[in-house]
Ligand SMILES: C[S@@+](CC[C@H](N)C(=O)[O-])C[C@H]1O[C@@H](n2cnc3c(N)ncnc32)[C@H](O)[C@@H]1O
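Next comes just one chain, in structure tokens: the form predicted alone.
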Amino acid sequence: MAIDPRRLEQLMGRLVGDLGAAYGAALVILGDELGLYQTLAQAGPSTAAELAVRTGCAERYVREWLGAQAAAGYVEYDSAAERFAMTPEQAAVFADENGPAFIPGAYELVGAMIRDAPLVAAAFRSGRGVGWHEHDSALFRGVARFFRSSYVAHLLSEWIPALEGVEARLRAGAVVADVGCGHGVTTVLMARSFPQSRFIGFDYHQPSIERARQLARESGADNASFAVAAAKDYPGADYDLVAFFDCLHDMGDPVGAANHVYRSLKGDGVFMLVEPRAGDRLEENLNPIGRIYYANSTMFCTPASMAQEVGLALGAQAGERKISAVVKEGGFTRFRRAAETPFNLVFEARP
């Protein structure tokens, strides 16, 4: 086939940008781990030597790292003063872990992807799955840290108020199950905001539950507790609210999980699902967000589902139509999109 030079040049131009981003992932992880971003944001304009002293790192490495960050546009460089600094926006993205824009956790997912590539390659050849628990620990930490930003920005201010009557019930005193809670980020956020209610986080991954308990203690969320349990067998009944945050598509039997929710709710209880934003057709997802989600789905979500019974493998880009069908097959009769962001769809289901 004849090569079109113009199209080749365009493709190579995109690849240069992609390679720069890929090469930079390890540097973001280093900057986060070593406190380089946070220290620079707090200290203000600094030379490489000054930042090295403040972080206890070797100046030559810090100088090279800063060069890469400046080239990426992640920090600013004043050539006359030979000093580096961060704008408020850069600091929000790279240095404020408790804020709504923090991104380094996502780069931990990149690290887990690369380290786990042999596992997934073997799954490609065998058709078997890769269990969530089999992945590098950076996955569990990265998911908690990265997703937390979105939950901080939207959960309490937008998503819960969008569920009919739920916020009032939580303020009055309700019992809530947070299923697939991981490190308990959402459980703790809700528990601290609604002290009259009781929140129970469930996850099949023991290390994640242990971390969730630690974070709850540190935050003073006395009305939050955690237990090891899967989505199809978590204990309890008569819940006012059962929430699944970005996890239904990871489950091998999401229909069975939805049915368990149906049976565990009060008659007027609510099933809240937060899922990655996706259209119903592949062509609707051929965009930068879809690119990220398909990559995560290939490496984590689809293998996790295929490692479980049924192995439906919805994937992170399942779309509203498939999610609705799963939930209704699980027993629910009412299903609606309650809220949305550029990255998530929030659904409300009722018996």
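Numbers for residues come from their place in the sequence shown, where the first is 1. Please read all numbers here as calculations on a predicted model, not as lab measurements.
Keep in mind the form predicted together with the ligand is missing from the figure; the text below concerns it.
- By the criterion of a heavy atom within 4.5 Å, E108 is excluded from the residues contacting the ligand in the model of the complex.
- When contacts are judged by a 4.5 Å heavy atom cut-off, D116 does not count as touching the ligand in the model of the complex.
- Using a 4.5 angstroms limit between non-hydrogen atoms, H205 touches the ligand in the model of the complex.
- For V143, a non-hydrogen atom is located within 4.5 Å of the ligand in the model of the complex, even though that partner is not displayed.
- Checking M272, M86, L265, C247 for any heavy atom within 4.5 Å of the ligand in the model of the complex turns up a single hit: C247.
- Out of the listed residues V75, V188, V242, A231, A231 is the one that sits within 4.5 Å of the ligand in the model of the complex by at least one heavy atom.
- Heavy atoms within 4.5 Å of the ligand in the model of the complex map, among the stretches 249-257, 90-98, 210-218, 161-169, onto 249-257 alone.
- Every residue of the trio F147, Y151 and Q308 has some heavy atom no more than 4.5 Å from the ligand in the model of the complex.
- Heavy atoms closer than or equal to 4.5 Å to the ligand in the model of the complex belong, across 173-190, to the residues G180, C181, G182, ordered by sequence position.
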